[in-house]
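In structure tokens, the next block holds one chain alone, the form predicted alone.
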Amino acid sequence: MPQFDPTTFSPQIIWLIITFGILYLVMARSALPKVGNILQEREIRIAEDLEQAEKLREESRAVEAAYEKALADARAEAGKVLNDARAEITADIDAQKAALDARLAEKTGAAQAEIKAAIETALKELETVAQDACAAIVVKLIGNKADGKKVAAAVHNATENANAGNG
């Protein structure tokens, strides 16, 4: 093989240097500037992408803060609406309770008046029954008819004394 012949080493080295020199000049003039431009554009694009990513991160933080504020405002508004509704319902219930208490007091007063009237009527009837019973007892015991006014006065005094003892 002629490449390994030591007598041809010097011309081979010269041609090697000439070939590599021409190749270096071609590469330095055409390919290396293109590669350099590509690397520089890539570096610029990466820097722009990083800047844009930072801007987007800041925007997302701002949007997140606005979302949190809107959420807090919505919760506060919901709490306010709930408290207002609760207060309104409580006021409505209190009004209904007051109306019901008034009606119950009215009905209780009417019932107490009816009971009092019934008791008075019953006591008057009881006095009449007691007078009749006393008159019948006197007739049975004495054999004579007793004076109606005296029997009525005695029964009335006995009932008043009994009522005064209970009151």
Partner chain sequence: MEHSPLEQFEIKRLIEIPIAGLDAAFTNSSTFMVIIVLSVWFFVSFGMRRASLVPGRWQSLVEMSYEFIAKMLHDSAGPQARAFFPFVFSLFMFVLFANLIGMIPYTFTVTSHIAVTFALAGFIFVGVTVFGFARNGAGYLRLLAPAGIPAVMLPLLVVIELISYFIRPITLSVRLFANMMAGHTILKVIAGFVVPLGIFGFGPVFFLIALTGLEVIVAVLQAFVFSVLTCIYINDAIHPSH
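The model shown is predicted, which means the values in this text are computed figures rather than measured ones. Positions refer to the first chain, counted from 1.
Absent from the display: the form predicted in complex with its partner chain. The rest refers to it.
Residue contact check for A153: none of its heavy atoms lie within 4.5 Å of its partner chain in the model of the complex. Proximity of E41 to its partner chain in the model of the complex: non-hydrogen atoms within 4.5 Å are present. Contact annotation: V138 falls outside 4.5 Å of its partner chain in the model of the complex, judged by heavy atom distances. When its partner chain is considered in the model of the complex, M27 lines it closely, a heavy atom lying within 4.5 Å. Comment: its partner chain is not present in this chain, but in the model of the complex one of R61, R45, K124, K107 has a heavy atom within 4.5 Å of it, namely R45.
Residues placing heavy atoms within 4.5 Å of its partner chain in the model of the complex fall in a single listed stretch, namely 29-37, out of 130-138, 29-37, 66-74, 97-105. The partner is not shown here, but in the model of the complex the stretch 3-21 reaches within 4.5 angstroms of its partner chain through a heavy atom at Q3, F4, T7, T8, F9, S10, P11, Q12, I13, I14, W15, L16, T19, F20.
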